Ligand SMILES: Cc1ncc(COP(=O)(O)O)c(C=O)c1O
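Before any questions on how it binds or moves, here is one chain, the form predicted alone, in structure tokens.
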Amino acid sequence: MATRKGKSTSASKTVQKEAAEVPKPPRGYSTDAFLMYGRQKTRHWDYQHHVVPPLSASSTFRLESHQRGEAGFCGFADPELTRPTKPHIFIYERLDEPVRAMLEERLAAAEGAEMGVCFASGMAAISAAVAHRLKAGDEVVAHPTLYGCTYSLFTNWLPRYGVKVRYQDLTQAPSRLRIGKKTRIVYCETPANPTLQIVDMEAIAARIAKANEGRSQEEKCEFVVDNTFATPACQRPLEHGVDVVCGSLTKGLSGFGTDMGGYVATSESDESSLLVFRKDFGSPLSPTPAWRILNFGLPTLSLRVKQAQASAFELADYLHEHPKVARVQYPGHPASKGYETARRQMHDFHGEFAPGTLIYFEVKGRNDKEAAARADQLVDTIGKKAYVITLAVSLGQIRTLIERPGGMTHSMLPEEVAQTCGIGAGGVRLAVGIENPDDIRRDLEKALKSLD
């Protein structure tokens, strides 16, 4: 991203930049507790005795002097300048806002990052995570199995701005990963959407670190991971050498299917660039969804994931043994590819194995055409007759959702690309909710029995 050179404003000269600090719970308390309570005293809100933080409803904030306004604006003028003085000076909602700032602080703690930035959607966050540091001539290396809209961003938009995107299977031996002089970002999802492929983050991070030896800061390659499927309740990519983690707030972190948002968590050195990018591209998370995610989504995250994950274990076993299912991919099932890697890197806040709440399975058929037709029949039967499983896109909600990636969330992928990504003709994605697993199984059994 192009930056403005020259002398900083007088206000910026007065900024006293604090040392980077990863937000943490009080000594002896768990991350789960911090996601519910945060800091008892927060720099993001003057009134500090609330039980439930207030909801800000003002798009602009009153200033006592032009000097205060100038000091607040200085960090939003140029990515090379520091963020506003601390405690924060709130000026205009698109720049910064107290409820969103509190949510960002807790998300940073959840991911083990120095800072977090929230956006209006997951795709806005993904776009910012990669684009804020790219310029024409740079290259992105991406794992080919991606969320459909991310694939569209990388295929339809980045090349228009002179950024080359090259796809390479990151589940192969790390030594095969080719990082060129112009490679600035290596990008993946793990588990990947929708096939739940697992990328060994530590191995890829080590490969990138080796490639960065001798490079200037401007030339270094960063490892960016979308953590939407796992959420920080199941893994924290930064612990495995990843530089930047991004993801959707709409899914597991919100949890109730009522709010849309996205986030980026990384080191404080990227803070100003991300904030200026968010300001100029106009994609901040609004206060109302931020407030709901802060007060309902994060405090219940661990409980929701624990319940849904327990059901996912049972359902993966059930589907694996079903005669009408060709294959099952679930990071917690020993027969699934990537299981051993998942056991190493997917853990909850207490160190227990946490393979998540998503299952991908493929319906049997004598050929691709029949498999696709049978998968369509399966989800249509569920859409019309199921009680606890809902035919809908999205995931991470308290309700169990099912969809057909090939015809829905990943329909923009050309057929040959879908095959390369491992999306089978009969592929189905099941996002397990918190219902009783027997009830979920009952709906699946009825639908599978209906298959011709």
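In this text, residue numbers run from 1 along the sequence as written. On a predicted model such as this, the values are computed, not experimentally measured, just so you know.
The same protein has a further form, the form predicted in complex with the ligand, not shown here; the description that follows concerns it.
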Next item on the list: Indicate whether T195 is a 4.5 Å heavy atom neighbour of the ligand in the model of the complex.
Entry: no
Note to self: Test of understanding: in the model of the complex, would T357 fall inside 4.5 Å of the ligand by heavy atoms?
What the structure shows: no
Checklist line | T228 within 4.5 Å of the ligand in the model of the complex, heavy atoms | finding: yes
Margin query: Is it the case that Q235, even though its partner is missing from this view, gets within 4.5 Å of the ligand in the model of the complex, heavy atoms only?
Written below: no
Check: Which one of these stretches, 314-322, 114-122, 215-223, 178-186, sits within 4.5 Å of the ligand in the model of the complex when only heavy atoms are counted?
Finding: 114-122
Notebook entry, point to check: Looking at I126, I204, I382, L298, which has any heavy atom no more than 4.5 Å from the ligand in the model of the complex?
Noted result: I126
Check: Which one, L35, I423, L395, L413, lies within 4.5 Å of the ligand in the model of the complex by heavy atoms?
Finding: L395
Note to self: Only counting heavy atoms and a 4.5 Å limit, does any residue of 238-256 reach the ligand in the model of the complex, and if so which ones?
What the structure shows: S248, T250, K251
